[in-house]
Ligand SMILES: C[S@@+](CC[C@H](N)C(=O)[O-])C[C@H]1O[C@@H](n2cnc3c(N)ncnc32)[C@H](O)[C@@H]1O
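Next up is one chain by itself, shown in structure tokens, the form predicted alone.
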Amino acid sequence: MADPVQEHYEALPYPPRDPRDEAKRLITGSPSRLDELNHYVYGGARDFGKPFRALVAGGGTGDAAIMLAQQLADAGANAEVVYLDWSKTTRAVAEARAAARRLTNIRFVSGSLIEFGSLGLGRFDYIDCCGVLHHLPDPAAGLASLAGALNDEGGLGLMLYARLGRTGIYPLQEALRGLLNDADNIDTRLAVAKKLLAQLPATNWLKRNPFVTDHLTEGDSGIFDLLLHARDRAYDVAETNDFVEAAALRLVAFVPEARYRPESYVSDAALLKRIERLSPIERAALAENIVGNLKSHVFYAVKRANPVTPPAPDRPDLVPVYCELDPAELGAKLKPAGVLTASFEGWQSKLPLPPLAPAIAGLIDGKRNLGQVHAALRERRADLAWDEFAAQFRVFYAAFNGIARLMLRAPSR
């Protein structure tokens, strides 16, 4: 008997993508932006001129593989991206997107993550696996297989469903299981789901949760993926960390980091003092419970023995790099000692910025290091000491890195 998850994606590739759209835009996001993965997995110091192999495990319709391959091609990297998925229909969409971009650095492989060990794909410097492990019969075995294919200095960019932000999905999945029979085909299942969706009362938790309704705007594939998936589980922060550690891995960071900082939501001094006593994972778990709308956990992990950490913003030789921000436009918009406002599924961040924020913002071009940014600022303010600049840059960095829009690049090793 065919696996119901494989049948699902053969019939309804998700997310729906049209290869013709590649002429208009590149879909990007976390994880696996090139500067972002370099920051978290390699401490900013990866030399992409050296051979680099990446695996996109469960490549779907191609978002991660196309994004990673395009950025590596643009960087002139000596790289290969291996796309792995068991749905031929889905793979065809991804291949058409790659062809539209004339990308030649992707190798397409049909196969199951469940049988990953027998595919002989070799070892990798980086592995992207998003929205896949939580659909496997044994997620822990799937992650262990990926960890076994990782080079010692490599890392993974992962995404798992988050339980709290998906409030309302699982009771409705259960309701649909009660209405459906095993023999019902995909068309029948969709018809029943649509009828039930149309009849939901205002009190239903899915109707009361606006953060997961994006699937419902993506046609049949979105509805099926959200409500009719044969295997679907979610994790909270603590369970995510336990899941990672069980595979002999270490969680480096959740992204965007600001969403996992309790101080993003709490300003009371007495509460902040209590928060200071918590471990990083306890702080992230607290933030999840406070904000309530995290519907997925995106994070980077490395092997347990790998001591790498993201670079701290206090060295003159570090190069600050924006992720999809325009320096001139940003410098014109920011106000001295203002706040950085960004919206995340109903939560609006207001992260503090230093007095020099507009000037710093305009000088970040992905080439100047912090020493050179400081020197450029001293041309305008001769008395600006390094320590004062560094203190202000730390505040600037905390805000923009907190929303996953600023990374640091270190000298290659």
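Heads up: residue numbers just count along the shown sequence, starting at 1. Given the structure is predicted, the values throughout are model-derived calculations rather than measurements.
Omitted from view is the form predicted in complex with this ligand, to which the following refers.
Of the listed positions (V252, C130, L226, A342), a single one reaches within 4.5 angstroms of this ligand by any non-hydrogen atom in the model of the complex, namely C130.
The contact with this ligand in the model of the complex, taken as any heavy atom within 4.5 Å, belongs to W86 out of W86, F124, Y235, F243. With the partner left out here, this ligand still marks one of 53 to 61, 37 to 45, 357 to 365, 377 to 385 in the model of the complex; by a 4.5 Å heavy atom cut-off that stretch is 53 to 61. Residue contact with this ligand in the model of the complex: L113 places a heavy atom within 4.5 Å of it.
Contact check for Y14: a heavy atom falls within 4.5 Å of this ligand in the model of the complex. Interface membership of Q71, defined by any non-hydrogen atom within 4.5 Å of this ligand in the model of the complex, is ruled out. Interface membership of N306, defined by any non-hydrogen atom within 4.5 Å of this ligand in the model of the complex, is ruled out. Shown here without this ligand, the chain has no residue in 344 to 383 lying with a heavy atom within 4.5 Å of that partner in the model of the complex.
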